[in-house]
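Below, in structure tokens: the form predicted on its own, a single chain.
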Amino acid sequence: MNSIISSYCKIKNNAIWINGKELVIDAKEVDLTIFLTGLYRQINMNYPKFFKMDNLCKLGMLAAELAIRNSVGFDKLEKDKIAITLSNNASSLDTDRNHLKTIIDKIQYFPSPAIFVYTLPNIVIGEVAIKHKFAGENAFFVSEEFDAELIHNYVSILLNNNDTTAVIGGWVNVDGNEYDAFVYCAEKSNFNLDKEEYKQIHSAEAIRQLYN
């Protein structure tokens, strides 16, 4: 049985691509927080907790949401058999800087639990899992650059496990106003090209091409 990529979402430079088609957006702001909030409202995500998240989680949530929505039949899969694996190169550095600002001054020392909770990159996986009620395995990797082989290999390992039928995989990176997300849905499936659905064989080369 082959594994397939059933959908993907790429967000970079205020542009969103879903399964090869660009999503026309209203939010053209350079500021990342404003851009992400505008996209959230445009797609009617309806998840109030979104506004408490850091930008890494917001970006990951939006990319995952759009990938999941555009994967035909994904919503019918068993949620306890859907895994998540993501990666980036900045870890949680963007939020770490904000946390540092709250503790660097010993006189005006005001650490915020609301910021501190996001000082681990794998929190974005937790947020996606909670929103969609996914209960499969999860892992977050930090590498110097986008690594299609690493992503493909780990997603494939998960899909070869009987306890996993689908994986949310990809790359979600935020460093200041520099951001980059590529999230895709991979599933166990007999490959059958359907003109009404997006499908292609899950491979490192396919991941690399879609990301670029």
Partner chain sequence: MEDLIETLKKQVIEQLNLAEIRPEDIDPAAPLFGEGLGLDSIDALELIVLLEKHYGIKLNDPKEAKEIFASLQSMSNYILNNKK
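Numbering follows the first chain given and starts at 1. Treat the numbers as computed from the prediction; the structure is a model and nothing was measured.
Form predicted together with the partner chain: not shown, discussed below.
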Would you classify residue 77 as touching the partner chain in the predicted complex, given a 4.5 Å non-hydrogen atom cut-off? no
Going by a heavy atom distance of 4.5 Å, is residue 146 a contact of the partner chain in the predicted complex? no
Just to confirm, residue 52 within 4.5 Å of the partner chain in the predicted complex by heavy atoms? yes
Determine whether any heavy atom of residue 41 comes within 4.5 Å of a heavy atom of the partner chain in the predicted complex, and answer yes or no. yes
Out of 98-113, which residues reach within 4.5 Å of the partner chain in the predicted complex, heavy atoms considered? 110, 111, 112, 113
